[in-house]
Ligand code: G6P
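The chain below stands alone, shown as structure tokens; this is the form predicted on its own.
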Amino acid sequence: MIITIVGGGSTFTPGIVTSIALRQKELGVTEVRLFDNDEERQSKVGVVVDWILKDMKSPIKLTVTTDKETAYKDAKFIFAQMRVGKYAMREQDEKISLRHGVVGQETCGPGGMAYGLRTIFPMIEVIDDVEKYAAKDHWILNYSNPAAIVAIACHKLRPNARIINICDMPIAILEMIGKCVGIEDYESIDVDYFGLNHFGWFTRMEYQGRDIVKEIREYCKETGIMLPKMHIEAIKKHMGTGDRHANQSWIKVWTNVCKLMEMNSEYVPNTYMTYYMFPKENVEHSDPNYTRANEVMDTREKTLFEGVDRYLATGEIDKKVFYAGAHGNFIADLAVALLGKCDRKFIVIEPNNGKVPNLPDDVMIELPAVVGVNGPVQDNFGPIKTFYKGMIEQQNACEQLLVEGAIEGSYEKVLHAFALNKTVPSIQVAKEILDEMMEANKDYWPELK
């Protein structure tokens, strides 16, 4: 049984392969293939992956390739995690937005829309190539961001594709909350959740009879930040936390989550809601000359590739050079569930089709789902209140228009999408950002007229 990782040169690849290897028996996996169009970058990541498999004494065969047929031939699972334009383009997305006084973030606001326009058609190409070469009962599990926009495009252009669009942020939030309230097996927290990707709310969290929503609210009142005390102490001492969601650029996010909960007595928001609800404050807190993209390039990216060079020179490797955790575990566990070997629920992105009855059927809704061999079956949620409905409808209109603009090559529709985004203050600012981003992305975006 073959698993192919699209975007094999990602710094997340070693962690994903670790999670696969830990579940080798449940998955029955015999081969992992790394596939990327950047051969040099992927070959270096492949060195780390090869070391991991040997260190774990795993029987899994490793193949590293830039050839589509070699990558997809007879594959059962395709884990997609593309970053079209790499971090250099993410840096442009974030800095162009901030130059115009608008949130500069990877998946939210104009940055997310720019990233989406780069990713839509490469993702469709993956679907078509997988359909051509992979096993007939294949599943594409897609991490490629921005997941909401990619999910809409896939549903519009390839409605019959065997693809499940996912995001690890909800499970990462539960992991962080678990650390705050003393729960190690955070995956056992039973939740209700609804929204769009990076745009949703937990309505219930329970663990062995405990009301975790109540506990995390009390914790936020005490600390003012939704980070565990060990991380808070490390940050005070200017030390690393070892958690990719608890470094310098995330501190304001976790603080704003607590502030947002003070203003909303009902639900626990996805962390990304803070960019939409506090856009002015986020811009004021941001350094337009050094964004999250720069931080990642100077930390996770630099650490991994310097670690590879050190290993090639000395034969010694530090396991801290690669990230392993919820990100890899979530996608690997989902694959186990699709084989009928796991009874966990997973939060996934699927067409609404009445599950939230006062939202349109074609909204790509993010809800908990039971996952089995026939794919995910999302829970019915019921009608949502006016505030959340209005927020979701505005964001969905923005994302739907962006996809339509990409498909039709319509400058006006993309402009209207930018203007609709809650982080953008006016259509004039939307136009200024769009025009600058068109020039920066001329090698990646579809032509807009």
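Each residue number is its position in the shown sequence, starting from 1. It should be emphasised that the depicted structure is a prediction, and the values quoted were computed from it without experimental measurement.
Below: the form predicted together with the named molecule, not depicted.
The partner is absent here; in the predicted bound form, the one residue of 191, 321, 296, 283 having a heavy atom within 4.5 Å of the named molecule is 296. Screening 155, 162, 83, 259 for any heavy atom within 4.5 Å of the named molecule in the predicted bound form leaves a single hit, 83.
Contact check for 169, 198 and 292: all three have a heavy atom within 4.5 Å of the named molecule in the predicted bound form. Of the heavy atoms in residue 219, none are within 4.5 Å of the named molecule in the predicted bound form. For the chain shown alone, residue 272 is a contact residue for the named molecule in the predicted bound form, at least one non-hydrogen atom being within 4.5 angstroms.
Proximity of residue 100 to the named molecule in the predicted bound form: non-hydrogen atoms within 4.5 Å are absent; the residue sits far from the partner. A residue is said to contact a partner when one of its heavy atoms sits within 4.5 Å of a partner heavy atom; residue 300 meets this definition for the named molecule in the predicted bound form. Contact annotation: the named molecule lies within 4.5 Å of heavy atoms from the stretch 83 to 91 in the predicted bound form, the single such stretch among 83 to 91, 223 to 231, 207 to 215, 370 to 378.
Along 43 to 77, a non-hydrogen atom within 4.5 Å of the named molecule in the predicted bound form is carried by no residue at all.
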